[in-house]
Structures are given as C-alpha cells and as structure tokens.
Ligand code: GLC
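Only one chain is shown below, in structure tokens, and it's the form predicted on its own.
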C-alpha cells in the first residue's frame, strides 16, 4: 500500500494546530504497519532557512492550462517518515503560513492549488505512484478535484483514491471567484452544487464532492457536521455524502505526553505513584507566582484564545468562581485581543488566584497539564481535541462541554455521581456560563469532599488508551476498502 499524505503543516517542522500533530503521527504509525507513506508540505520561510537537501531542482508544476510554476523539492525526515518540502518562494517565503498576522493572504487559493498540483509532480519526479492521496482540510481539498478532472486520462494515477480528513470544518477556504481560472477550475464547476458559496469559491465544499472518502476526526464531530446548526453551513453537503463519510477519533502521541518520562516536568509520576504530581503542582504554583499550597484546587487551561474554545462561557464562570471559592486558575494562550484583555483583567483582579501567560510554551503546557488538578475545556465545538486526552493521561480531570471529540473521549460524572467508578471527567451541555460554572463546581466538590473518589477517577482516566497504535486501525481498514 502506497500513500501520499498531503498537508499544510506537520509537527516538528511547522505547526499552528492539531492538524500538524496528525500529519506527523498518523503517517509514522502507518509505516509501522508496513504502509509505504510519504508526506508533502510547503517549504515555508522557517524551513527554507534550514536549507534541507534538494532532491529535485527546476520542477515545473502546472496549475491551469497555461501557468507553470518553477519549484524545488527538498527532503527531510521525521521519526523515519520521509517528508518532501515544496519550495516556491513567491508563495511560501512569507512571514506567516496562512496570514500576515492580521489577515489571510488573498492568494491562499493559488498557494495551496500549487501544493495540490505539486503532489502529482512529486510522484512523477520520484516515479512513485500512490494508491491513496490522503488530503487534509481546505488547503488540500482541491487535490481530489485535480485528480478527477486534470488527471483523468493519466494511466499512472487513474487507480488512485482520495481521502479528505476534516480537522476543522469552520475553516473552509473561501477564495474570491476571480481566481477560478488561475486555479484551473472551469466555470461549469462554479455552481452551488460544487464550489460556489456566497459568490465565492469554497474549497472544502468542492473537496467533499470530489473525494472518494471523507472523514471527520471523531464520530461525535461527524454527527455534528451532519446537523445544520453545527455543520458550519455545510450540513446539506455532508448529508449528501453520507455513504462515503465517517468519523475516526484522533490518536495521541504518548511518546511526548507521558508523565512517567516527561522531561519538561520537575518530577515524574505514574498511576502507581502519584506523589510526583504534587511536586509538579507546587513547582507550577511557584513558577506562575501563585501562593504555594498543595491543598488548594488548581485548575488549568491551555488554548488558542478564540471564540471556538468557549471563552464567552469560561471567563464569566471563572470570575464567579474566583469570587466565591478558594481556588487557583492558570491559563496559557494567545489570540483574540478581547479575550486576552479579559484574562489580563482577571489577573489584575485576582493576583493571588489567577495567573495568565500570554503566548505559547511547549514546556509550560506540559507543566500545566501535570501540575493542575482539573483541566478546563468548555469548547463551543471541538472536532477532536487533544488537551483533554493529555489531561486524562496526566491524571488531571477535564471539565468539558459535551461536544464533538470531547464527549467521545471523556466520560462525564453523572449529577448523582452514580457512574463514579467509570467516569473520567465532568461535563455540561448548555452554552451558558452558568452551566460551565456548575460543572466546575461539581469537579471541585468531588476534589474537596470526596478525595478518594477523585483519585479513583484519576486512575481510571490515566488507564485510558488513545494511542495512535489503536487510532491507525480504522485508517488501514479504510484504505483497504477503497483500493480493493
């Protein structure tokens, strides 16, 4: 089985979100199952600076009937996975991957059209032709269209199948319609049934139509994409492809997220001996400038500061909780300036209870996961989510909103606690600060009043297995079904 994985980012090279984690971890796991996998991503500015070896110079990539782009392919490795980097400096030697820090690049459609067409050029260069092109999100959603329309008479590709994974359906790749011809899309495809949406090109929508299979990154998120109110406006189109649409839960890289061997922690710990977790807690309190007290409940949150992550629920709930109870809360993140200002305001109002680190630190994120007692993840929607899975392994019980991948991975404690022997966290459904606060108070009540029950839930959570070794199996089955 030969698979070309095409993505816009990959952990260990360039990363903005969970897509990068999957683009690295899933191919690496596939290799262990004897799949011949290669990964293609753009060669962005930080990667150009690395000067990776050039494996093909002066490759001509054709995007439409007349435009050919001079490109190079560079090559590197991640955990035994061969990664090819598409170098075209006009498009990829820029300040940011998708935007300049303020707004998306207007020519994003052309940039990622080049990536999709370059996938075929790479195969020709290597004389290696995959059974499956595995595409990811809007950036590579044009590839199935190009395979079906531009390469339909090319015998080298006509057995190939396409899989499109939806990591976040809210980002659909809207492109001004005047780019149609430049992107090699005939105007007959600019209809509501294919690419047209609000008089613009919608790349994800076209990808749904032309892919051989589409999958969401959790069964729960798949169900939400089928419902109008939670489908980001594409419910009708997801329902129209139900026969080729599935939900496959993401895996977790326990090689990087394991409290027993985590190098970022001041002390390691395991389910057999949780004492190191207390050391992590007091060290975190000290690091964040909070009063050191191992008995006070410590709640953590690590996230991009965007509306999707539920800060309209969490910030009022945290303010209420900080006013009422003796707790500490630590937040790590960056993003929306309004959310940032609200978090700074909480820090100013409750300096001994609330700590906010603006920005991102990989090591600090590990220490927050380990040092917190409770993890806060009240997302409005969450395709899969990884931090709740990390939290489970670190014995940090999550408070979630029951949505998408969160409800697939966390078993919430019932209001009457009847399922405490199997529960791994706390949850709520309503999109209100009151519901969020109620779930946080439920978690604190168990922590303070039923410590043995809380510990039992921690051990249950730590025993959960969301490894890629398990998560890869549905993908292997899917590839086999598509190519048999």
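Numbering follows the first chain given and starts at 1. These numbers come from a predicted model, not from an experiment.
The protein also exists as the form predicted in complex with the ligand; that form is not presented, and the subsequent description refers to it.
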Open item on the list: Heavy atoms within 4.5 Å of the ligand in the predicted complex: which stretch in 192-200, 166-174, 395-403, 84-92 meets that?
Closed with: 166-174
Task: 27, 132 and 477 each touching the ligand in the predicted complex (heavy atom, 4.5 Å) - done: no
Open item on the list: Is residue 19 part of the interface with the ligand in the predicted complex - any heavy atom within 4.5 Å?
Closed with: yes
- [ ] Would you check, heavy atoms only and a 4.5 Å threshold, whether residue 250 touches the ligand in the predicted complex?
- [x] yes
Task: Heavy atom of residue 383 within 4.5 Å of the ligand in the predicted complex - done: yes
TODO: Would you check, heavy atoms only and a 4.5 Å threshold, whether residue 118 touches the ligand in the predicted complex?
DONE: no
Open item on the list: Quick check on this chain: which one of 293, 246, 270, 308 has a heavy atom within 4.5 Å of the ligand in the predicted complex?
Closed with: 308
Task: Listed residue that, although the ligand is not shown, lies within 4.5 Å of it in the predicted complex (heavy atoms), from 214, 410, 280, 217 - done: 217
